[in-house]
Ligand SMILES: Cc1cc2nc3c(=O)[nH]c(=O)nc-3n(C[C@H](O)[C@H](O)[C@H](O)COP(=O)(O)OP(=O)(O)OC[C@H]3O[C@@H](n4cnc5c(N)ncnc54)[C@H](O)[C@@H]3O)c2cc1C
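The chain below stands alone and is given in structure tokens; this is the form predicted alone.
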Amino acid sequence: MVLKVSRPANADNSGVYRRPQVLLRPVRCDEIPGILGKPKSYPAPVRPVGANYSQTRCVASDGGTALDMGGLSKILEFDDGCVRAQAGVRVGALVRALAERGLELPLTPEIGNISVGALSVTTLPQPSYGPGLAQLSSCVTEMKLITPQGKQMTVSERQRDLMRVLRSSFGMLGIVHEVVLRVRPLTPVKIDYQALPLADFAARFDEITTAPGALRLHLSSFQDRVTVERRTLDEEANVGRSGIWQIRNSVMRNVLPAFGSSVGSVLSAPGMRHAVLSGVQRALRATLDRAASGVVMHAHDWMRDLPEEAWKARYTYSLWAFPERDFPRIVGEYFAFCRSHQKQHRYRCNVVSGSSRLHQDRGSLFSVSYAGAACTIEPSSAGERGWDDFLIDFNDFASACGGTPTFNQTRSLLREHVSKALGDRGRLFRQLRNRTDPLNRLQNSYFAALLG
């Protein structure tokens, strides 16, 4: 058996402490059953780890065994309408390999560090083009996994109910080592921007959401403005000016967080600090949104790889999703919440909040648009002082508004938040997990606290 054993690190790439007792890097899938079958040598919880970019402790293996799946990193087969890959393949590498063959995933995330294994079993909502596909895991048509008892298992879309649960299992029903994903022909995407005052956004919301294309929104809570980024598939469009879009995103994701962090360390007076940040954000966004309007690009062009150590990106976020029908009202309440929080605690996020419009997707049990079309609110930050306290209050606000969180992207969750949002779906998963893993080899303390 070839099994690389590494010394555990105190913290992973995201900066979240997870403290495993043992860190293993399997290089063949047939090594995994032996790990699961030796609880004394490889203590519970046994947690698979992809790129370590989750915003929470969902893959934490405190005192247990972490499986670094990066050793299983081969793209195995390009077939008609699908691609087969091992769990450790990074999505960025997969998307670029598909593009070379004139193919792409139906949904393409903006961050390429995610592993294929993580994509298949976690909640990763994306701006969607139509009903049925708003979570990356819904692109998965087949999984090969090792059960908690060490048995090989293959599940396909023909087993619809089981696949729905596995797509939200976070590695608690088995260790996924191979995945098949649906692909489609590479198609140009036209990107346009429209900046609207909040009142106009609310008045035109039905028109905005019924028009063709995927929607990514940028919420400026202290300017009462919403920038609508529409992504429209256009098979006949000529690709061009994608460089300006990449510059725009780099500024918003890298330059502004770094600038906000620097301003925060230089200007101690909150009023002055916030005025400077608001002015710079407003000027940059107005200039770059106009410059980037009308860009035509392929989806793989908007994907980027973050630094190996995520804290160097100076960018972090949290995510809740809300029913689409209530979203204009909730955005207004969110803006008011941000202003109230700043007034009370003298803190505001130094990066504009993001939002994605999601069509209904029931392909994943914990899909945040399981009950119907939804829109996310994603507060973003450079991780400055006050951010963690802001998220605690934001979670209570979001839960009270009927929001749905994700286990891997929503920080500082409480059990009551999860119970209210998931209801019977959470209870169903807990019962199935207890039957599947009675010795509790794969569940960690994070999920035990939130799901029981």
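None of the values given here were measured: they were computed from a predicted structure. Heads up: residue numbers just count along the shown sequence, starting at 1.
This next part talks about the form predicted in complex with the named molecule, which is not shown.
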*asked:* Among the candidate stretches 204-212, 181-189, 115-123, 325-333, which one is within 4.5 Å of the named molecule in the predicted complex when only heavy atoms are counted?
replied: 115-123
*Applying a 4.5 Å heavy atom distance criterion, does residue 421 contact the named molecule in the predicted complex?*
no
*Please run the contact check for residue 404 against the named molecule in the predicted complex: heavy atoms, 4.5 angstroms, yes or no?*
no
*in the predicted complex, does residue 110 have a heavy atom within 4.5 Å of the named molecule?*
yes
*Would residue 174 sit within 4.5 Å of the named molecule in the predicted complex, counting heavy atoms only?*
yes
*So which of 53, 397, 387, 42 reaches within 4.5 angstroms of the named molecule in the predicted complex, heavy atom to heavy atom?*
53
_Using a 4.5 Å heavy atom cutoff, which residues in 403-442 contact the named molecule in the predicted complex? It's fine if the answer is none._
408, 409
